[in-house]
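Given next, in structure tokens, is a single chain: the form predicted alone.
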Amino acid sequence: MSKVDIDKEKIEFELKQFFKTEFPATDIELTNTSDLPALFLIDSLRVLTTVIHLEQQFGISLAESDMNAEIFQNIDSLSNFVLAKLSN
């Protein structure tokens, strides 16, 4: 994706697709405020998988200081984080 044509809705859509594909789970309705750690049992390996995806998909770099539970809480927090990184 080009940084020029990315908005929050596109990021949210892409993130939902990623979670549904990468961590398939039945009977889960994924919303922008769904608790990702609870729904997908987010552990260090899944965080790393998500980080790699964010870096590749959106062309951003994440530092160790970026890694905190608040960012990975839900689609909304992740998309806000991506937007902030793209703004830099």
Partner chain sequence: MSFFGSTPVTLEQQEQNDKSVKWSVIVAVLASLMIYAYLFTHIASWANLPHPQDLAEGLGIETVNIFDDDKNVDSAMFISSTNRFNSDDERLILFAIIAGAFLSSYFLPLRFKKGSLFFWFLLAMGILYGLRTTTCLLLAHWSVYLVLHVPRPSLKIPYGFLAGALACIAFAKAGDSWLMNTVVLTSWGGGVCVLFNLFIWPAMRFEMFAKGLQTLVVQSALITVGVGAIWQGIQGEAWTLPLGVLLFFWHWERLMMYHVDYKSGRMPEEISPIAYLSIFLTPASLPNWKWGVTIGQGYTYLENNFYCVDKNRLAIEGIKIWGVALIYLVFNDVIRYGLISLFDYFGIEVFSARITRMVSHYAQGGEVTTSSVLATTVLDQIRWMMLWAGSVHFKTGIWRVCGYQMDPYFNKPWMSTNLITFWTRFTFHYREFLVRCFYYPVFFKFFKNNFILRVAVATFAAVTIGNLVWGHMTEGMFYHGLYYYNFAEVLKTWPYFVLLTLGITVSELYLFWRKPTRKPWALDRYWLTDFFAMYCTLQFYCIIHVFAKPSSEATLADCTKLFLIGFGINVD
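Numbering follows the first chain given and starts at 1. As the structure is a computational prediction, the values presented were derived from the model and not from experiment.
Not on display, but discussed next: the form predicted together with the partner chain.
By the criterion of a heavy atom within 4.5 Å, residue 79 is excluded from the residues contacting the partner chain in the predicted complex.
The partner chain in the predicted complex comes within 4.5 Å of no heavy atom belonging to residue 59. When the partner chain is considered in the predicted complex, residue 64 lines it closely, a heavy atom lying within 4.5 Å. Not displayed here, the partner chain is approached by residue 42 to within 4.5 Å at the level of heavy atoms in the predicted complex. For the partner-free chain shown, 67, 68, 69, 70, 72, 73 of 67-88 come within 4.5 angstroms of the partner chain in the predicted complex, judged by any non-hydrogen atom.
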